[in-house]
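The chain below stands alone and is given as structure tokens, in the form predicted alone.
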Amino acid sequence: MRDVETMAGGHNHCEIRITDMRVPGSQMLGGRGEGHLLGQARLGPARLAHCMRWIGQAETALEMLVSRAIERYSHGSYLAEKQGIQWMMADSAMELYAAKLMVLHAAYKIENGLPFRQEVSFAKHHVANTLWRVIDRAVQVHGALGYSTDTPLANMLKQARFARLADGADEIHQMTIAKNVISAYKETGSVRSR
């Protein structure tokens, strides 16, 4: 076993090599060849758990952005008075709000035994990308300070990059979402999922 070192350090993302292993039928979980199905069953709730942590991190980054903007005076006014900075705040706040609603809706569907794969893919993709954008904006508003290790933002940005890979890369979720939209349209003539 080897803990694979990443750009953000070691996180128990291990590489495991198993050779010549035999599992007696009496010790098997699920049916033969169904291991992937067992893994998929846990991924919906696990992806939402990631999303909830990422929402907290994005909220922290937005608070840091706002704090810096209302305290930093530059080129004749506070950063918070500059329209470009206000747009960064507004975009971040709206994306964060949408992220929270997506996670709540997906969790509702899981909790009530409703089909949830589409909503979990929506949430996972949107929240991971929101995290990246909000932290990146916070770094931008902090300027060189945000890029330095004097604030937690540089490390947060490194961690955020992983969000777009964890439990399915962006492209996998986009492919899943598109397949579900096509399927819904073919079945019902509408893109709305059930």
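What you see is a predicted model; the values in this text were computed from it and never measured. Numbers for residues come from their place in the sequence shown, where the first is 1.
Below, we refer to the form predicted in complex with a small molecule, which is not included among the displayed structures.
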Point to revise | Sole residue of Ile70, Ala49, Leu165, Leu145 within 4.5 Å of the small molecule in the model of the complex, by heavy atom | key: Leu165
Review point. Glu171 near the small molecule in the model of the complex, any heavy atom under 4.5 Å?
Key: yes
Point to revise | Contact of Met175 with the small molecule in the model of the complex (heavy atom, 4.5 Å) | key: yes
Check your understanding: For the chain shown here without its partner, which stretch in 52-60, 135-143, 22-30, 157-165 has non-hydrogen atoms within 4.5 angstroms of the small molecule in the model of the complex?
Key -> 157-165
